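Only one chain is shown below, in structure tokens, and it's the form predicted alone.
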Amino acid sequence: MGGMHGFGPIPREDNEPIFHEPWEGRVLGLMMTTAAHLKGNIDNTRSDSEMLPAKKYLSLAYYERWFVRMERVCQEKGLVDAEDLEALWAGQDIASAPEAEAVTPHDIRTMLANGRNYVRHLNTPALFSVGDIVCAKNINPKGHTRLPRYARGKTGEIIAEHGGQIFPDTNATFSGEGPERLYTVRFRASELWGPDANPADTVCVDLWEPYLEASKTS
């Protein structure tokens, strides 16, 4: 939700299952097996989902958003067309399908186990150090960002520095990895949510250097 709040409490389930319905697992499997053909990345995937109209986004469950995005991108990449999708939704076979190398369960397990390395070397010095008081910039970019709305304009303390990491804002649009330094910033809950928040609570957010500026009150 881009860090928006005011949508009520998040429901919690005891012994929550991995998937609530079998089709959710199938959607995850389809995402994994089509990833190589879609030529995307995790930031682009998130950005594509955010492009859904707000009313539709809010009406869909988590894996429904994944599926709607995948339908659209598969059409854009030429894996299927609108007629194919109509036929499949009607339970019919499609006349032809693009040839693709088979993906095995072993391939998926290996990919999930190995993950991807997002660490990148930087030659530039860090602008901030652990212990610095910083302010998250109050920005509202048109594209994807990992700066949550509730933290914008808020002041916190840097408690960790993680070196260079791929910058989501540029990676989402395929305009380059644009690595930037990543920090963990700790905010007081009262700074984020106001005086009614528990004064003992804190929230830690991983934020890239372009999201931050030195606090004018530090």
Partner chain sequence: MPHDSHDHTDPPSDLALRVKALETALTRKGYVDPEAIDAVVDTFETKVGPRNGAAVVAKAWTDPAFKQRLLDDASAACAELGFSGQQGEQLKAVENTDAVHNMVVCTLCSCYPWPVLGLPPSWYKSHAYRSRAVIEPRAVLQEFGVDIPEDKEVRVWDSTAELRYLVLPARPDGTDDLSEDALAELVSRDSMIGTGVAQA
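Residue numbers count along the first chain shown, from 1. Since the structure is predicted, the reported quantities are computational estimates derived from the model, not experimental observations.
The same protein also has a form predicted together with the partner chain, omitted here; what follows describes it.
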Given that the partner chain is not shown alongside this chain, does Lys56 nevertheless sit within 4.5 Å of it in the predicted bound form, heavy atom to heavy atom? yes
Answer with yes or no whether Glu64 is in contact with the partner chain in the predicted bound form, where contact means some heavy atom within 4.5 Å. yes
Counting only non-hydrogen atoms and a 4.5 angstroms cut-off, does Asp81 reach the partner chain in the predicted bound form? no
Using a 4.5 angstroms cut-off on non-hydrogen atoms, would Asn140 count as touching the partner chain in the predicted bound form? yes
Can you say which of 177-185, 163-171, 66-74, 38-46 gets within 4.5 Å of the partner chain in the predicted bound form, counting heavy atoms only? 66-74
